[in-house]
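One chain comes next, on its own, written out as structure tokens in the form predicted alone.
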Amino acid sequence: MAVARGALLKYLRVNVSPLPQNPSASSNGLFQLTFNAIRRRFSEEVRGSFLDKSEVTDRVISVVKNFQKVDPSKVSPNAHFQNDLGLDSLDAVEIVMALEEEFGFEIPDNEADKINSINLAVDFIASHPQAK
């Protein structure tokens, strides 16, 4: 195990140079400028990675309408899986799994248990940065 770890670390090493003990104000300013630029770029990437809520709504409705136990005429953005569509808890799990496949990410079980309507599914998916 130690040999494999050593071989792996050999390729993963990154050369680092130590920072001076008492950095001058100019180097601290450069660090702050660089840090702010990285933070700004990261926040722009994250902000731009969320899906549009209307697109998510259309796709979720499409997934639910294509579920074999659902009457497509009863599907609306406000439809509740059990109350409006007559689905049981296992059907709701299957819909959540279909949504995971549609949007390309895994919904944690504790969150999946809370999704019992189209609105809740849309809100969760639209606020998730990994949704595609």
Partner chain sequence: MMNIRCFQNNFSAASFPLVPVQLPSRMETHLWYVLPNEVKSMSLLSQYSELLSPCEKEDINCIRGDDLRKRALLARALVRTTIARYQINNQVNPSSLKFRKNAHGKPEVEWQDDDNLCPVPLHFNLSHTSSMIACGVTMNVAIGIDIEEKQRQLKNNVLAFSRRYFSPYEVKILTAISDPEIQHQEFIKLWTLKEAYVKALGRGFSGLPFKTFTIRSKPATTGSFNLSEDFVSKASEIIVESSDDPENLTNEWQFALLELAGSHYAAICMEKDKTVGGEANTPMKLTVWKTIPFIEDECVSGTDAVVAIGGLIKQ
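It should be emphasised that the depicted structure is a prediction, and the values quoted were computed from it without experimental measurement. Residue numbers count along the first chain shown, from 1.
Although it is not shown, the form predicted together with the partner chain is what the next lines describe.
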Heavy atom of residue 74 within 4.5 Å of the partner chain in the predicted complex: yes
4.5 angstroms heavy atom contact with the partner chain in the predicted complex for residue 123: no
Contact of residue 69 with the partner chain in the predicted complex (heavy atom, 4.5 Å): yes
Contact test in the predicted complex: residue 55 vs the partner chain, heavy atoms, 4.5 Å: no
Sequence-ordered list of residues in 81-102 near the partner chain in the predicted complex, where near means a heavy atom within 4.5 Å: 82, 83, 84, 85, 86, 88, 89, 90, 91, 93, 94, 96, 97, 98, 100, 101
